[in-house]
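Starting off, we have a lone chain in the form predicted on its own, written out as structure tokens.
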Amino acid sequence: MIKRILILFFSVLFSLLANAQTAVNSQWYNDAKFGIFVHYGLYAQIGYTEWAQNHFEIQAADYEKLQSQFAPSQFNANQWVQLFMEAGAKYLVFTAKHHEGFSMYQSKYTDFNSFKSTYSIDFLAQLSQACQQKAMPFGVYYSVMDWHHPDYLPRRYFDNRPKELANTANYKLFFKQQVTEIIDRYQPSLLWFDGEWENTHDSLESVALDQMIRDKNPGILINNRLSRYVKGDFKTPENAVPATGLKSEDGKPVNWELCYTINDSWGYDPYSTEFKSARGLIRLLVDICSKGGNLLLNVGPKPDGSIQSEFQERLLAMGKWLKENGNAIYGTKASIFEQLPFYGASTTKGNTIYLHAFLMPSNRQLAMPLLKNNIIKLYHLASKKELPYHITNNQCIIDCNGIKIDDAATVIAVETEGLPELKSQFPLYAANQTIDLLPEAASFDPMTKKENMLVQYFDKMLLKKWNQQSTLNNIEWHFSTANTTLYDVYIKAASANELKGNILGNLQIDSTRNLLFEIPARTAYTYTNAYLFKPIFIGQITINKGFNNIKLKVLPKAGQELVFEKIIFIPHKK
């Protein structure tokens, strides 16, 4: 017990002392923002994801036979790295050993490795050298799990090898030996562990292993998946952007990186034919950067080592956008805004705010919350053309006429006098102004992923899929008014599914007053568009001077689904 307490005490002390060094080491990582993840191994030959051995319940001895068939004849490390650089990526993470246990390098601790296959390729050697030539940081993925090693426990449920013959101490030594040779031989800038949920490593051993790695290479970065007892230098969510980024218990930002697939598989899968669009991937990168994170975008090469055209097309499209807009990504920090009044995101770098408009308003007037700072310069990033602007409604209204609108994200740079500070997050409306409440400017229920329900529909945004299955309870808007005003209230919305009946709605004002109404269902064979073009009058309401909170609730029944465009407040004319 005393030994355990002492080790834990010194591990905590070591962690505190390492924090300052980690901050220095991670600067390149924080600035990079965009990296490439490569999942490549024997599983590519089966072509059913990196978990193919598990999916098809293949015994270790049978799986070994794939080694003699491994033929990466089209692999070219320099071509890979060149492609990733043209995509605008700033670092690479390659799978040295996935859960299958096949080492993709020349390891002296096992013959189950790529150098012992027909083509005798040391992937780590070639890729690390190619990265070094291009000054691209090289990272290594290494799985804690190992379905091949005879001493790894727990076994897969289908593994027929006797558990009693396994000696986990042997596997832990093997693990340490391979990690050591990877560090010594290839000098990676980053180690990306995985598979820690099976808790192969005892907590104290994993702490000691972490310290050994840092002693050998003080500048290395390690993710948070070695074990639950090792914090790591950055966190690694998968395939879903955290709603507000990631923060420590005291509310401070932490390093984090979203790993994400272009299709629905990490390893090669010829049957996976749904690919995210280049536009969607660019917007994903922007969204992640606006929340202070990095994107690690995955490709799964084909069995011959080539990268399929669908991946290449998307990567090159991202690179083209980043050539014009990279200043708004690399080296940036999270947005200073809680929310934006348009569909898009924001990043900051020093004295500059970058507004990324995913959908430019149809009138080309882009609104930004009001700053405390004077604006020194405001311009379109791609063309460097300065844009006129004016301050109204506690917002900076930017005239974007005369510039080319980017289908993925149009970036506007706002240079300020001093570090930018927010003065007013919410608009202020005069007594005679019409107020449009749009879904892209709304706050969503914390349990709901906003991006899953908002759909770009030509030149506007629609909120869809609001039904009994969604977790959405309400959406709300915040704004101020200069005077107490009586408004006529209209809604553009429809019950989407044919003949499913009207949807009951409630517009709540400042949590004290309610405006009840019905949203009509569309009739058979009628497009929802017809309803969205015709605002529905739902009543009158007085909005008091000062700060206001407007909340929209709907109560869809089985089979009903709401399509919502906006609520309109028009000052009542006597």
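These figures come from a predicted structure and were not determined experimentally. Don't overthink the numbering: it's just position in the shown sequence, from 1.
Form predicted in complex with a small molecule: not shown, discussed below.
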The one option of F234, W266, F358, F102 with any heavy atom within 4.5 Å of the small molecule in the model of the complex is W266
With the partner omitted here, the residue among W192, Y354, W466, W80 that in the model of the complex has a heavy atom within 4.5 Å of the small molecule is W192
Although the small molecule is absent from this view, report whether H39 comes within 4.5 Å of it in the model of the complex, heavy atoms only.
-> yes
Can you check whether E238 is within 4.5 Å of the small molecule in the model of the complex, heavy atom basis?
-> yes
Is there a heavy atom of H98 no more than 4.5 Å from a heavy atom of the small molecule in the model of the complex?
-> yes
Wondering, does C259 line up within 4.5 Å of the small molecule in the model of the complex on heavy atoms?
-> yes
At 4.5 angstroms, heavy atoms only, are E50, Y141 and W197 all close to the small molecule in the model of the complex?
-> yes
In contact with the small molecule in the model of the complex (heavy atoms, 4.5 Å), from 534 to 542, 63 to 71, 31 to 39, 503 to 511, is stretch 31 to 39
